[in-house]
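Starting off, we have a lone chain in the form predicted on its own, written out as structure tokens.
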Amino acid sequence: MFAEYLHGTGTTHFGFKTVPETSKESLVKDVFDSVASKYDIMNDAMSLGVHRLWKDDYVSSQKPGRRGPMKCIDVAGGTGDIALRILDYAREKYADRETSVSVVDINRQMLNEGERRFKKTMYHNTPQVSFHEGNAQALSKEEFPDNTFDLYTIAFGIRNCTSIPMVLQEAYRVLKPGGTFACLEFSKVTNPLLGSFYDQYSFSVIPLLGTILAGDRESYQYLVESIRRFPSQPDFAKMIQDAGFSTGGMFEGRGGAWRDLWGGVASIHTGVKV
């Protein structure tokens, strides 16, 4: 698969469509160019407004700053909402003003939104945050050397990447031994009743909201479809293990490789570089 990706001979999915691997990156870029200025509204639509609570839970579960200042990298994090939560948590819980976050996104429009957000904060123009245009599948080795970061976060982004295994390989490369990979992503609903309601909401209501809120039905339709194409919780956990990470057991909950939120509407996966 890696060889096919590098030579552009393979195919992948873009929502429910099959497209050449060489095309997906630009197609996804077009989607996020379209939704960048309304990204929070988009996530409100996708999550019934609870994505903010999920992100708070996700960041607090990593306890940034608990063991002293950390070097963090937030990938596909252009709008800066995860980075801001990391820095606020470290400062408010542990009086830590030295933890730093490198925010990486392939999309310049999303990074512009993040930089705009941080101009309103105490972290603007400090060493605690920096913004970088980059590809999660091939991070710059000059900017992001091997064994550099204590924490790698990626929230609602990995499903949009062409090759999930390549993203995981890069995450493993840039983390220090003992560093943590943490992913928050829409996932597979485990309760049949909730699943039926969520499917109805996703395919009927979300594209309509895209039309009303952003004048862009197609981008929202893609985002719904991309969730359905993302691997199940056990399959994704196995991919994390295959990249070299140590995870919990192959089950959900305490001691497990992942933790479901809202019955699997979203999940938090973690792994440790060994």
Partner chain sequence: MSKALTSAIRASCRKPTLLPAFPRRTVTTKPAYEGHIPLNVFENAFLAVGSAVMSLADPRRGDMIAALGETTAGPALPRLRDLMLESAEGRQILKDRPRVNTHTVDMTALARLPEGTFGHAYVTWLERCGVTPDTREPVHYIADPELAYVMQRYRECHDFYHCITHLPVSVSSELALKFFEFANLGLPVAAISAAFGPLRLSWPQRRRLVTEYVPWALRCGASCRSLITVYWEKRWEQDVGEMKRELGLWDAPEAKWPKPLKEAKAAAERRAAAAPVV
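Everything quoted here is computed from the prediction, not taken from an experiment. Positions refer to the first chain, counted from 1.
There is another form of this protein, the form predicted together with the partner chain, and it is not shown here; the text below is about that form.
- Of the listed stretches (243 to 251, 26 to 34, 57 to 65, 204 to 212), which one has a non-hydrogen atom within 4.5 Å of the partner chain in the predicted complex? Among the candidates, contact is made by 204 to 212.
Item to complete: Run the contact test on H51, W262 and H269 with a 4.5 Å heavy atom cut-off to the partner chain in the predicted complex and return yes or no.
Response: Spot residues vs the partner chain: no contact at all.
Answer with one of E133, D199, D88, E115: the residue that has a non-hydrogen atom within 4.5 Å of the partner chain in the predicted complex.
Of E133, D199, D88, E115, the residue with a heavy atom within 4.5 Å of the partner chain in the predicted complex is D199.
inquiry  = Is D40 near the partner chain? Define near as a heavy atom within 4.5 Å, in the predicted complex.
reply    = Outside the cut-off, so no.
R217: touches the partner chain in the predicted complex, heavy atom cutoff 4.5 angstroms
Yes.
* Counting only non-hydrogen atoms and a 4.5 angstroms cut-off, does E225 reach the partner chain in the predicted complex? -> Yes, E225 sits close enough to the partner chain in the predicted complex that at least one of its heavy atoms falls within 4.5 Å.
Taking 4.5 angstroms as the cut-off for heavy atoms, does K238 touch the partner chain in the predicted complex? No - in the predicted complex, heavy atoms of K238 and the partner chain never come within 4.5 Å of each other.
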